[in-house]
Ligand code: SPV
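Single chain ahead, written as structure tokens, the form predicted on its own.
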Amino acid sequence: MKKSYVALSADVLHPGHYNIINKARELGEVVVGVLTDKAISEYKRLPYLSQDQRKNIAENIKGVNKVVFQDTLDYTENLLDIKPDYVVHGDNWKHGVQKKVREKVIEVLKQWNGQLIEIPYTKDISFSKLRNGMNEVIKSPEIRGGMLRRLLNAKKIVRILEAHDGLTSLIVENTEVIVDGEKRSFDGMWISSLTDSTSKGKPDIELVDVTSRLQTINEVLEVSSKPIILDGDTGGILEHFIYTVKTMERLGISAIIIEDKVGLKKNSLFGTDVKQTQDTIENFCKKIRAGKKAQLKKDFMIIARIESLILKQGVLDALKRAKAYIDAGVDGIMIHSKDKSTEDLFHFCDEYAKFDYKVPLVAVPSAYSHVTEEKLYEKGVNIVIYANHLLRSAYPAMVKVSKTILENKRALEVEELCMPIKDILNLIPGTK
């Protein structure tokens, strides 16, 4: 019997998918390649179901004879292994990010005179409604909370952007570009104590407490579906940190990052220009252990932010702390640096790569913004956080508009600096 090959994400199935399966059944035995999280993350956001769950769904579709994983968006490996007589796909991939994938499929099939069968795009299916429905499911704490770990398993580097209110979280949620056929977007958002405090007109000294910060967190949770990493400052005293962990896990936050400092917290980018005290390794490890003991599920992540390079304690001290924090059970290490040369940062990364046991490594390139994500990945970084850029870009724009109105005693001159009111209304779901 001849074989037909169909690749599916199998996250949300609609009549168009069943049309493809039915056509494949007419042609012969049906082999379904379920796209793994890694493959899907190459061109769009992760599905809300895990790849094992999606494989189970595909195995229970009537007429499917065999199910395998497809680990890349490129079909080549699976096609060479299965050598199907037919590949069946919708005709909606002739343009866009999968155009090159389609061309490669045709090229590979020629090796054994295989044929690509394309099914006309199914009308009357609203993908925007399907996507919105999926987003509502993803917003559930159980699913959103585990997204960061899945992303770390699926992607070379996880890209995070700061959000400090509901509007900026919508920007992180929806902004995407296509560069050289590659679709790029942000994988999640960072709720920073700096931008949260600044947007409230307060200093970044842990003055805005957890209760106040919950207002921002809830604003973001209500309108977005991507995973959230929370800037937890020092985490506070150990007894308070336990309850912070419980609260954030319950809300569906994926991770909290706490820095190994004590006393009155000052922003790290001040370095040694202001008095900052690093916690002892022993005390910080106690806080890590207490936080890990307090969480209920393994998905929630506690990430330790090492301040040794900021406080000029050196790479060796940073490495010593990293080993101790990992032994204490931390789920990730953030190595912080304000050195534009990145000499110490990269030295740390090179030595960290030699550890027998490592956890994901986080970098925040605020001071070394010239360094590309590719370079950070080469150095072993797993998460890159753009920590304050939306707030920093908004402030000068608003000041310019304010001054221009004052200078001209009218608003005409600022119209080109502002988005149309209609676009503002359309930006927010449910406005109409």
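In case it trips you up, residue 1 is the first one in the sequence shown, and so on. Fair warning: this is a prediction, and the values are worked out from it, not measured in the lab.
What follows is about the form predicted in complex with the ligand, which we do not show.
A.B. asks: Using heavy atoms only and a 4.5 Å cut-off, determine which of 64, 387, 391, 376 is in contact with the ligand in the predicted complex.
C.D. replies: Selected option: 387.
A.B. asks: Among 279, 219, 231, 299, which has any heavy atom within 4.5 Å of the ligand in the predicted complex?
C.D. replies: Contact with the ligand in the predicted complex is made by 231 alone.
A.B. asks: Could you tell me which of 320-328, 247-255, 187-195, 74-82 sits within 4.5 Å of the ligand in the predicted complex, going by non-hydrogen atoms?
C.D. replies: That would be 187-195.
A.B. asks: Answer yes if any heavy atom of residue 268 is within 4.5 Å of a heavy atom of the ligand in the predicted complex; otherwise answer no.
C.D. replies: Yes - in the predicted complex, heavy atoms of residue 268 and the ligand come within 4.5 Å of each other.
A.B. asks: With the partner left out of view, is residue 173 within 4.5 angstroms of the ligand in the predicted complex by any non-hydrogen atom?
C.D. replies: Because no heavy atom of residue 173 falls inside 4.5 Å of the ligand in the predicted complex, the answer is no.
A.B. asks: According to a 4.5 angstroms non-hydrogen atom cut-off, is residue 150 in contact with the ligand in the predicted complex?
C.D. replies: Answer no; every heavy atom of residue 150 is more than 4.5 Å from the ligand in the predicted complex.
A.B. asks: Heavy atoms within 4.5 Å of the ligand in the predicted complex: does residue 165 have any?
C.D. replies: No, residue 165 stays farther than 4.5 Å from the ligand in the predicted complex.
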